[in-house]
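For reference, the chain that follows is the form predicted alone, supplied as structure tokens.
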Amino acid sequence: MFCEKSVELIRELHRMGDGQLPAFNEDGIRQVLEEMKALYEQNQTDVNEAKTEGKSELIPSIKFRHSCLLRNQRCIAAYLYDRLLRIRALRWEYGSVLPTNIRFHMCAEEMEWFNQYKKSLATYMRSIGGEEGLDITQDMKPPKSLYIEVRCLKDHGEFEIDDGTVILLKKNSQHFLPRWKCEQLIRQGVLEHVIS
């Protein structure tokens, strides 16, 4: 049937929860584009035939195929736009470095878009807030306290805080650190917030 493959792309995204990025379905996109090309070519043939031979009975099928073309176009645009929204949200959740399993699900064009978005956001953050800029990705929720207790989930190496103190982040070590300094590492899975 017409438009089934394009609707399946939308269903695939809908099945995944928010914050999750399914693998880019290049095969599904290609199949939809091939269907669109076939519909367009059939329409061109029928339009030429209807004009030259005056066959008005072809008009309903031409209109139907044109509607299918428009639907496929809307579905592909919705699929790609939803993926970009998810990728943008991942930048705010994980920071400028995405985990490998998420990058694996992105196509080359999406990686390029992510890098451009990351650069644009960094440029904007440098332009506000004085000399050092302002990191607007920090404190997505208002903090209850300025310092939190964290446990290191994997070896990360040395970590310097504002007062110049260098802390060695080793697996299973616990530290009392400024929230804004370790929030990014919590999102990356290096640290976990210890709630006592």
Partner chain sequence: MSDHSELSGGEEELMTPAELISRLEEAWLNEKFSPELLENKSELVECVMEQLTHMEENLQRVRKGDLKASVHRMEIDRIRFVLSSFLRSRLKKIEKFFPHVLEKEKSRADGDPSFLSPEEFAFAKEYLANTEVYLRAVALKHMPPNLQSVDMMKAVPEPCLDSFVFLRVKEKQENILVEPETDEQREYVVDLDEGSQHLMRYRTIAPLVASGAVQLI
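What you are looking at is a predicted structure, and each value in this text was computed from that prediction instead of being measured. Numbering follows the first chain given and starts at 1.
Form predicted in complex with its partner chain: not shown, discussed below.
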Its partner chain in the predicted complex reached by all of Tyr81, Ile128 and Gly133, non-hydrogen atom within 4.5 Å: yes
Proximity of Gln73 to its partner chain in the predicted complex, heavy atoms at 4.5 Å: yes
Contact flag, Leu69 vs its partner chain in the predicted complex, heavy atom cut 4.5 Å: yes
Partner proximity in the predicted complex: Ile59 to its partner chain, non-hydrogen atom cutoff 4.5 Å: no
Exercise: Met36 in contact with its partner chain in the predicted complex, heavy atom 4.5 Å: yes
